[in-house]
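Here's a solo chain for you in structure tokens, the form predicted alone.
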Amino acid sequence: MWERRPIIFLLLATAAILVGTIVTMVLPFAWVNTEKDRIEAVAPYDALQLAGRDVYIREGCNNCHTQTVRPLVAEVIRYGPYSKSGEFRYDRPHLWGSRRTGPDLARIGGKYPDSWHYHHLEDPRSMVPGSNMPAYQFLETRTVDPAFTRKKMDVLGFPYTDEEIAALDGKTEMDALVAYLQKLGADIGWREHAQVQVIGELVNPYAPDPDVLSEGARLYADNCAQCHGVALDGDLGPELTGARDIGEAELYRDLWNGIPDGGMPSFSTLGQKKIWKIVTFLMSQEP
């Protein structure tokens, strides 16, 4: 019937599209970043972090890495608490992304020490075996422009001091990018609260038989050797040749929860069995 009245049909279709657009696009933008959504702990980017954010955008990092954790169990377990609108209060534009060739970075801040990021950006495969991420060592040869950063902060309305701008002198784009990565998700202080208290006695279910030791050695090489050394002699992290003195239960807790104030991430996503196999391998090594 409506096909015979094209003008009315066109008006009704337009009205339906407008209603859908308002409900799905206009209203959500009006609702986010209201006073009730804001997170007081989230602070504007400082001068170095803002310069690093521009490097991140320029190099296309957001084409491979998202910056939003969806409220799905699998994502929360892997990346941390799901993202809230108040976290993006100072993101102009936001860098949520839609494609994950690499892992999400919304909670990367504080997961690793600065030195890990420098090594990773210089040679990604030295820290993450099998990574297809390109190297960004050239960023060490490019310096940040303090005057341009001051101009950007004025446009965005971000607070800064003359001392902060002066401190940019001699800083490289690598320094700036690392500072930006360490900012992501760090303001909300979720990592310390995410630790799980292990209740009861922890008992290693594995004996140090050859199969367990070989798999434990492989898991150590894939997940731990980049920071603690292939021979457990330490590098970015402490040496582990004295793992026996730490004890199985404490090693398990450290691997499960990580050590936030020491720059060690949680490896709980490996699961209990793999963590116990790494512990078994470490305990088998002679000091």
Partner chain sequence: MDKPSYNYDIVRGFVNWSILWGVVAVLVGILIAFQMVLPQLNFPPLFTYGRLRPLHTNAGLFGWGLGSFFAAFYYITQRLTRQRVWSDRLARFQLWWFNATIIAAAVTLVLGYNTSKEYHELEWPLDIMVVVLWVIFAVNIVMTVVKRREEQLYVSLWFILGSLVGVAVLYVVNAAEVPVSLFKSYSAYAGTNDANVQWWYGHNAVAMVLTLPPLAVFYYFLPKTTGAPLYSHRLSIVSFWSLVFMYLWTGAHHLLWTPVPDWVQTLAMGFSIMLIAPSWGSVINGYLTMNGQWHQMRTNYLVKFLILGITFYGLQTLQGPSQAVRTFSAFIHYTEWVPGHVHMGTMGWVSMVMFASIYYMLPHLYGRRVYSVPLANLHFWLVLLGQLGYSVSLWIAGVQQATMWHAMNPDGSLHYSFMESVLAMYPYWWVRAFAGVVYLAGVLVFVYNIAMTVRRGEPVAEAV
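Residue numbers count along the first chain shown, from 1. Since the model is a prediction, treat every value here as computed from it, not as a measurement.
One more form of this protein should be noted, the form predicted together with its partner chain, which is absent from this view; the next part is about it.
Contact with its partner chain in the predicted complex, judged by any heavy atom within 4.5 Å, is made by just one of 161, 132, 126, 214: 132.
None of 203, 73, 166, 207 but one reaches within 4.5 angstroms of its partner chain in the predicted complex through a heavy atom, and that residue is 73. Contact annotation: residue 262 falls outside 4.5 Å of its partner chain in the predicted complex, judged by heavy atom distances. The closest heavy atom approach of residue 83 to its partner chain in the predicted complex falls within 4.5 Å. Although the partner is absent here, residue 68 lies within 4.5 Å of its partner chain in the predicted complex, judged by heavy atoms. Using a 4.5 angstroms threshold between heavy atoms, residue 249 stays clear of its partner chain in the predicted complex. When contacts are defined as a non-hydrogen atom within 4.5 Å, all of 14, 64 and 101 contact its partner chain in the predicted complex.
Taking its partner chain as positioned in the predicted complex, the residues of 149 to 183 that bring a heavy atom within 4.5 Å of it are, in sequence order, 151, 152, 155, 156.
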